[in-house]
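In the form predicted alone, a lone chain appears below as structure tokens.
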Amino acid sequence: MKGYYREDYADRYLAVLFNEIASYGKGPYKTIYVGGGTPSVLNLRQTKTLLDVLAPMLEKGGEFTFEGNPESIDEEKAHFYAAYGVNRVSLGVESFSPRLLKLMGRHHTGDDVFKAVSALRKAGIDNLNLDIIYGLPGETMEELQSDIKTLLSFKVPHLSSYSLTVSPHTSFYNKGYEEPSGDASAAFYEELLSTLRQAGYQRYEVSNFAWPGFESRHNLVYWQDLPYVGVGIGAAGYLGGRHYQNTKSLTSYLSHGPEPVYEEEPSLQDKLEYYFLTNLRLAKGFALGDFATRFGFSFLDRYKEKYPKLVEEGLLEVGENGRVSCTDRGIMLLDRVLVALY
């Protein structure tokens, strides 16, 4: 957000970031995703410096995504992105309700979203995602329905929706706000799912909807539990069978570099749990053949005492196509499925 940007800190941050990127080699990478913050607040000089480093690392035909807030993207910046090969942009819309935007402390308006989408399309970037949050304090079903209607009016190929989470020490937590009840969250989600499906979007992951062929290639790497490099403050990565996460302290990152604060070589049980946690978020689930290749044994044999009960309850499907996936009800009750398999 605008209030958190300082040019001098951004310059120092980029210098450390580039050293970290260089430590992993030059690629090429199938996908690059610049996010986990608000990179669109960088000025054009800093954006050029960042893109000069990243653009040559993308393989031909790769997916290059930038996250951004609507109020920080104009035609000049959009054309700049396009010139460097950025071909996908994800906008943090969150809501179109002035009341809810104010509640979240967001600086943009619905008009800013229209301007940002128009600027990106003029620059030739049509692969767009719009994010919203539901279950905000005091939000009504009518407000959500209004947000969905406005979202659909943009006719973008990808939409993401996330239920409000309230973490300790955040502004919502400090103000005493709570997450929506399970029933309220389920009602909001069912409204989203039904309306977006009717509009031609396919849910391919719990929180993500796309036209066929426009699924986020980068995020599918996470959800298929495949290796990826994460760089920057608080970034997580998965390489060589090890999970790691960088420090979340800006002071520490600027002074000492990434210094992973978490790094582990997971046990077999950890790997199994993480595989289920990620792959069962996907509508298509996982292939029995992939599971056997990864772990050296059959899912059907190892979980023969567990999975039939989930199938009987209508939570899990083992298809004739050799895939294991959650049903609609199973995705709604994913925690229950995971606990049963663990």
Partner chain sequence: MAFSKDKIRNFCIIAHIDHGKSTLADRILERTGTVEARLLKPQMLDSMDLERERGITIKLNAVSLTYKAKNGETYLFNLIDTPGHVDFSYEVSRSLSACEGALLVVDATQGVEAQTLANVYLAVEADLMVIPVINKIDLPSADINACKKEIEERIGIGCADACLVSAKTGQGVDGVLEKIVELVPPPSGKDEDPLRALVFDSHYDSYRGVVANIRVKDGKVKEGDTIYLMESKKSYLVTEVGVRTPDEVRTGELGVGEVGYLAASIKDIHDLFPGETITLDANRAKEPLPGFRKVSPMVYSGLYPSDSKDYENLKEALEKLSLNDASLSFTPENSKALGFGFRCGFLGLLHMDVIQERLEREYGLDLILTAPSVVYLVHLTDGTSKYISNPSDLPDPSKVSKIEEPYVRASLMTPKEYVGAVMELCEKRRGIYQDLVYFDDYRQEVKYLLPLSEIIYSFFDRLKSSTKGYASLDYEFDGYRESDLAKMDILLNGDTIDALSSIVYRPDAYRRGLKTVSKLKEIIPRQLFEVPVQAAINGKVIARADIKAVRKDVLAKCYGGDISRKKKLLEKQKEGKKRMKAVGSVEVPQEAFMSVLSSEEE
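Numbering follows the first chain given and starts at 1. What you see is a predicted model; the values in this text were computed from it and never measured.
The same protein has a further form, the form predicted together with the partner chain, not shown here; the description that follows concerns it.
With the partner omitted from this view, the residue of Ala236, Ala199, Leu239, Leu254 that lies near the partner chain in the predicted complex is Ala236 [heavy atom within 4.5 Å].
Interface residue remark: Arg336 is counted as part of the site for the partner chain in the predicted complex, having a heavy atom within 4.5 Å. Interface residue remark: His243 is counted as part of the site for the partner chain in the predicted complex, having a heavy atom within 4.5 Å.
Using a 4.5 angstroms threshold between heavy atoms, Tyr274 counts as touching the partner chain in the predicted complex. The closest heavy atom approach of Thr195 to the partner chain in the predicted complex falls outside 4.5 Å.
Within 4.5 Å of the partner chain in the predicted complex, a heavy atom is found for none of Tyr29, Asp74 and Ala116. Checking 107-115, 144-152, 221-229, 168-176 against the partner chain in the predicted complex, the stretch whose residues place heavy atoms within 4.5 Å of it is 221-229. For the stretch 261-295, the set of residues having any non-hydrogen atom within 4.5 angstroms of the partner chain in the predicted complex comprises Glu263, Asp270, Glu273, Tyr274, Leu277, Thr278, Arg281, in sequence order.
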